[in-house]
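Presented below, as structure tokens, is a lone chain in the form predicted alone.
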Amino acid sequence: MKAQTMRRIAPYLFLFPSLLLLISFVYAPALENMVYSLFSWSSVRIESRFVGLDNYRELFASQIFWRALVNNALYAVISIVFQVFFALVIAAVLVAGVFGPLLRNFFRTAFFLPSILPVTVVGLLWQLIYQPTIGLIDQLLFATGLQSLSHVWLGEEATVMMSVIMVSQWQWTGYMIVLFMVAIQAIPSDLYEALRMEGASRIQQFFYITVPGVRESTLILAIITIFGAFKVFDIIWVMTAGGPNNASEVLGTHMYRSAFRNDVSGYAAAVATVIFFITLAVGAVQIRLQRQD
């Protein structure tokens, strides 16, 4: 009887250390942050004042918040296009043997290399590339007679957000390509051989074998990409700090500025809570889709 009891509780004993860490460093801080969002408080004052949902009312009435939310959504959509769909296509081309082994390894390394660079280095590098007149992009435009397309890329509201988003795609699409290559290589080669014997083209093989074969990986990578888009902070802060005129503001920079620049910590906690519930909703969608599969 004692041995049977030990067998029943053994799994929980193994899970306990991980659960303790999760509760201590994930769930408890998230709950504590929600409580903080109901107070008006400052990092330099001891006293705090309960304000209920006033921080959320102020948040949802803020134009900067809605602009930041739209920027995050735009970031997510473009990231899905590049880091999921384009990455899958490029990975399929590399695995299909269109290029020889030497070229395939070269492209795989070249695509993956930006993802191992520190974000600060990437941000400063692309600041130089985006420099008006003397930057690489404007130099190429002038050299090809397209100087009318020249912009102050990081200084104009119309171009700054897209400019920063494209830097992120440059850095992370290659990482996704490598992950998709691993997933595609796990598909049995017999399936491709059978379809080739039926006279199917490479495009038909891609849609009938590759896409269904990596469906689960595609879902997981898409969710990870959306998570990253709504939690993005570092590349925005390094390149533009949310400017000009809040044109590149995202939820992460809005939260940081509220907490550490404007010292309205309760409001910043409300922003953090919104980010938490957005990512929680995305995670719930992922679980739902995986259960359907």
Partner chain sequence: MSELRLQRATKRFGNLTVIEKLDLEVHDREFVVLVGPSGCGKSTLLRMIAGLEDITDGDLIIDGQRMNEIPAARRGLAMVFQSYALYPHMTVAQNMSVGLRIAGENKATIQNKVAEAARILQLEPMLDRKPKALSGGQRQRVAIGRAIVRNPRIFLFDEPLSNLDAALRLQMRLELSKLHDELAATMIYVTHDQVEAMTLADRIVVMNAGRIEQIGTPEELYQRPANLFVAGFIGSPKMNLVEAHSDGNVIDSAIGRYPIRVAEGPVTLGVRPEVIRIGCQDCSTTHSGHVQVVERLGANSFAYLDVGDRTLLTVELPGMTSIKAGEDLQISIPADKVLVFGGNGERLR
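Numbering follows the first chain given and starts at 1. Just so it is clear, the structure is predicted and the values come from calculations on it, not from any experiment.
Beyond the structure shown, there is the form predicted in complex with the partner chain, which is absent from this document and is the topic of what follows.
Among heavy atoms of G155, none comes within 4.5 Å of the partner chain in the predicted bound form. Within 4.5 Å of any heavy atom of the partner chain in the predicted bound form lies no heavy atom of I134. With a 4.5 Å cutoff on heavy atoms, L141 does not count as touching the partner chain in the predicted bound form; it lies far away. Under a 4.5 angstroms non-hydrogen atom cutoff, the partner chain in the predicted bound form has L195 among its neighbouring residues. Partner proximity in the predicted bound form, defined as non-hydrogen atoms within 4.5 angstroms of the partner chain, places exactly one of 177 to 185, 102 to 110, 125 to 133, 197 to 205 at the interface: 197 to 205. Note on the partner interface in the predicted bound form: the residue among I220, I209, V119, I80 having a heavy atom within 4.5 angstroms of the partner chain is I209.
For the residues A73, L191, V98, L149, the 4.5 Å heavy atom test against the partner chain in the predicted bound form is passed only by L191.
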